[in-house]
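Next comes just one chain, in structure tokens: the form predicted alone.
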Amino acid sequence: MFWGRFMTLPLVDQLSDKGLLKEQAYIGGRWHNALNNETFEVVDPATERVIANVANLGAEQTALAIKLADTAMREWRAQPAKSRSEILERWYQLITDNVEDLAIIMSAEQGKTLVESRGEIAYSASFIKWFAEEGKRVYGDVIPHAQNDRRGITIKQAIGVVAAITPWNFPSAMITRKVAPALAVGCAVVLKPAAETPLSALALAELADRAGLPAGLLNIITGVDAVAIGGELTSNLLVKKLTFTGSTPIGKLLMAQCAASVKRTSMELGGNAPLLVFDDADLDLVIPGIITAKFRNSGQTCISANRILVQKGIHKEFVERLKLAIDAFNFGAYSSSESTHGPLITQKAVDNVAAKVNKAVLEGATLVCGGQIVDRPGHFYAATILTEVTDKMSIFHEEIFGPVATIYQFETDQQAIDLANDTPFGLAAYLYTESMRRSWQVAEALDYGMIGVNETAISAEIVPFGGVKESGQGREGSKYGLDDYLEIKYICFGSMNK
């Protein structure tokens, strides 16, 4: 059953505030077409219908945005932190006032259900609220000096123009948790959103403009030529920092490009998250937790439970209960009130997931359910469970990025830890046990930046998000989220006794 309001209406006509749907890039406080007037299509992945034609910019306009950002930042960073905070607070309020329209835009371009999109909008707004407050708490230090006639202090200053590149799977939250701390401490931002999901970024820029954010501080560069735009962002000497969320191979490439000018980088890269279920785990907690950790956004999250490690004694019951929960899923468009899960982002993504599953089965995995591309319009892959999976199979080492639960068995705690750590990635890990001793021992032994114990909903604006090893560097959110946008300056006062 479809909501009549959404059945055939163009996207703009689904919105209460039609001014939130933008198709031009945002540079220097103004809306811009591409220099050659080229556009690219934005497609609803659930219906494969074109919902917008967005300006397709390149390196030249990226350079312009950087120049304008550098100019605008000089006055912005000189303002009192409270003044910057007040503007961010207004931006936060406008986002919360427009949740429904922003959710519709997000669901239309990304595919997730409206329930998930509303949740992401609230989550994205929370970073603006948080850093509006934290920006007023950037403190320095007085350093006890070795010489009696000297005094030393440190102050923290905005690093400079920040380049940001964000992904399509969380097209609002991945923006605000980078942009909010940067703006809060006095930086300006030049942002390239994913070409699949530019509309959410442009809507955020429109609301920032309405909130009174001065021109040039937030610039949105839309375009499909990631090489040209990224090349300008990494080579331009006015850019002092690059923040990126995306795949590890692309992150490594961007880091290498930034090395030539020694730019600061923060990277939130790929994951291969393990979820450990011990024999004493409470399955009434485990199953809902796995539904969140594995199937939220149809498995398209960097902290998705990629490898589910289940102790032998509880394995059979676990698989039965997980299958029962999955049977209730209904994949469909956001316009259907019956949809519990949305599509994958592109047909290429569907094909990649299908190839991983098919190869696992050929290597000896057992297909419990799913395992096929859904024969209908849109980019849908059925919820899938694979058992008898081992660490010798290719899928053990791959980030699936789809609604596929791979189940591994283990017998001892050490075996589970070894399996969990057998990856170059180290973003998030989860474990379920009723033993406090085991909780501490296993959590400390796992080589990951974030650990969930009897909990998989671990993200919030107040906690540090980030990984170790090849999952990245730096932390986003929390009090630590300001650090990557600040430089520490030491000032020495001499001859103080004269």
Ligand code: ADP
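Bear in mind that the values here come from a model prediction, so they are computed numbers and not experimental data. Note that residue numbering begins at 1 and tracks the sequence as displayed.
Beyond the structure shown, there is the form predicted together with the ligand, which is absent from this document and is the topic of what follows.
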Determine which one of 115-123, 325-333, 223-231, 283-291 lies within 4.5 Å of the ligand in the model of the complex, judging by heavy atom distances; exactly one does.
-> 223-231
Would you kindly say which of N272, T166, T384, T176 lies with a heavy atom within 4.5 Å of the ligand in the model of the complex?
-> T166
Looking at A194, L213, L202, A349, which has any heavy atom no more than 4.5 Å from the ligand in the model of the complex?
-> A194
Is V361 a contact residue for the ligand in the model of the complex, using a 4.5 Å heavy atom cut-off?
-> no
Would F244 count as touching the ligand in the model of the complex under a 4.5 Å heavy atom rule?
-> yes
With heavy atoms only and a cut-off of 4.5 Å, decide whether M255 touches the ligand in the model of the complex.
-> no
Give a yes or no for I250: in the model of the complex, does one of its heavy atoms lie within 4.5 Å of a heavy atom belonging to the ligand?
-> yes
